[in-house]
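Single chain ahead, written as structure tokens, the form predicted on its own.
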């Protein structure tokens, strides 16, 4: 079925660049992009259309690191450092997802909030509960989102009310993987919570499983100085944090590592050499005072970087807010460095929140023929002086000012889901 989207089209085809088609058209065939046009060709004139007039049509967002069971505690515990925050709030909140009925209620609302904010592709942590993880995957799949969800593995250094034995973790991981076979667009990703939460036995088993089934991996890396010191105590044979994943086969092409605030040159080189992607979580890094990640340096050294809301360390689920914070944090980094480090521009940060995530899922940046449409329609008509601005100026202001109420339509995997 042919369909045409009409409006002002903007996207980031490369880091730092922005392509604009003033009152253009996106032609879809069965949800896949056929072409982008300034003027609609005659052969498509009879197609059904979604005409958004003077609104902005941009790629939808990719949230590459967030904790779904922490959604109920958004905005809580922001005065605590990471490890205290986990023990005071996080584990208690996540433990409630042992109740499938509670999980269904929370995850249904959570998924709708993702869509309301224009997020259509995700990589997220669930809790350690197999049944709740299946419910989360089901809610995401039914709503039309794509991506990865991981049942958390954690068999040590966790409270008694929220932990699993090594054998339980192995058994439940296999059960979860079997049940995940029913999903098409939401796929499993192995998720050791972080090195301190997983025994050597469990880490080794997960590494073997990742290799045996060719499964991706996600976890945390070098987020907090206290965490790094703890990892060193647990693994004195490892000079740096990343080696605790590498020695068990979890450090490989496609692995996602959140934060990387204190990743030094050696650790960053290991990321680049092995194809490990850093997930920058600016809001979380500020909220729980972890530090300022060297994003510009990682990018210049060839480390793949994407963005994550990291709720509930991050207090903002909407990726436009995450992009804003990414820009602001890069400016703080520049000030801290004595103005020797360039901050991220709007176009650069937008690329990280859209195109870079899409590339992780195998898509080329922007609206490319042959790919399923992932798009957001931003209506900035309520803002003053709109008619006197260029499209690039309107885009910049939209990044800073648009909230979910300005998102008039969302397309995920070729279908309109809002």
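Model, not experiment: these values are computed from the prediction. Numbering follows the first chain given and starts at 1.
Just so you know, the form predicted in complex with a further copy of the same chain exists too; it's not on screen, but the next bit is about it.
105 is the sole member of 105, 92, 213, 175 with a non-hydrogen atom lying within 4.5 angstroms of a further copy of the same chain in the predicted bound form. Only one of 98, 289, 83, 204 comes within 4.5 Å of a further copy of the same chain in the predicted bound form through a heavy atom, and that residue is 289. Residue contact check for residue 191: none of its heavy atoms lie within 4.5 Å of a further copy of the same chain in the predicted bound form.
When a further copy of the same chain is considered in the predicted bound form, residue 283 lines it closely, a heavy atom lying within 4.5 Å.
Contact annotation: residue 339 falls within 4.5 Å of a further copy of the same chain in the predicted bound form, judged by heavy atom distances. a further copy of the same chain is not shown here, but in the predicted bound form it comes within 4.5 Å of a heavy atom of residue 389. Stretch 344-352 is the answer when you ask which of 344-352, 133-141, 299-307, 153-161 has residues with heavy atoms within 4.5 Å of a further copy of the same chain in the predicted bound form. Proximity to a further copy of the same chain in the predicted bound form holds for none of 21, 111 and 379, with the criterion being a heavy atom within 4.5 Å. Looking at 217-233, the one residue that comes within 4.5 Å of a further copy of the same chain in the predicted bound form, counting any heavy atom, is 225.
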